[in-house]
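Here are two versions of the same chain, shown separately as structure tokens and labelled structure 1 and structure 2.
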Structure 1
């Protein structure tokens, strides 16, 4: 069975700077893979390449069966990316944002309330403008927009940042639930204790290349 993410000697440039210098990585369906590494190692670039937002300029890169070198746009509707920003319009209310993004991706709008409940966005905040939300609530609303997409590949860039303990637990539960249902989760984090507890496997990036990949069992041993 073809891996969900298959990178071989993948190179990506940010301007002229080689942000990925030859990444080799395979991630299977249902895995939760943690990407670690120092600042500037290429974690965000890797996630954005997987989302089809950045061009892979050399090597092989396939995500969900799509060749990213040939046609990276085709993979976009199948992935969900929660980056450092919420991806929501500040002046629109939470519910208007979620309705818009659900319609944009062709997802049903009738289960938005249920999704808000799952990610811990209080229903009293539904009509509040995103600009008036706290950082944590904004992250939760951004996560709700991702869940509504029902992506096959979850790409989470520092997902625990700005969240309180309860929200982190809920996020972890959501990721595990998505993985149990067959989705794949690739996420980066600097909070290693929590992140390693969530991940089934981790890869370590340095200078834009994977230097270490091991399963959770290997880490424990």
Structure 2
């Protein structure tokens, strides 16, 4: 079976700067893989390449069977990225954002209220514009938008940042549930104690390349 993520000697540029310098990485279905490394190692770039948002300029890069070098846009409906930006439209209400993102990928909208409740977005915030949310509320709404889309690949960039303890625990539970159902989770974090408890294995980036990998005890059960 083809890996969900398959990179070989993959290179990506930010301007003229090589943010990825030859990444080799395979990630299979149902895995929860932590990407670690110092600032500037290429963690965010790797996630954004997997999301089809940044171009891979050399090497091989395939995600969910899509050749990112040839057509990176085609992968976007199948993945969900929760990054430093929530990806929500500021002028729209929370619930209108969730309906928009569900419909954009053909996902059902009948469980929006349940998802909002699970991630801690109170019903009173449903009709509030995203621009009026606090940082934590915006992060939770962004997580709700990801869950609603039901992506095959979750891409999480420092996902616990800005969340309270309840929301952090719920995010981890949602990631494990998605993995049990066959989705793949690839995420970066500097909060290693929590992140390593969530991950089934980790890979370490230095200078835009994977330098080592480590397996963890199975966490998806």
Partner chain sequence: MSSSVRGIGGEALLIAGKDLRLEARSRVAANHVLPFVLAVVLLFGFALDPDSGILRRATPGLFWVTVLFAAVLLVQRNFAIERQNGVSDALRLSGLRPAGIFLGKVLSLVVQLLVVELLMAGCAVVFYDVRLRGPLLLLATTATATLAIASAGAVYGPLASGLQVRDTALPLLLVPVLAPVLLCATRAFQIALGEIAGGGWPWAGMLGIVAALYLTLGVVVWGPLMEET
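For clarity, a rigid core is taken as the largest C-alpha set superposing within 1.5 Å between two forms. What you are looking at is a predicted structure, and each value in this text was computed from that prediction instead of being measured. Positions refer to the first chain, counted from 1.
Structure corresponding to the form predicted on its own: That would be structure 2.
Residue 91: Cα shift of 2 Å or greater between structures 1 and 2 (core-aligned): Where the cores coincide, residue 91 still shows a C-alpha shift between structures 1 and 2 that is 2 Å or more.
Rigid core superposition, residue 104 Cα moves 2 angstroms or more between structures 1 and 2: It does shift by 2 Å or more.
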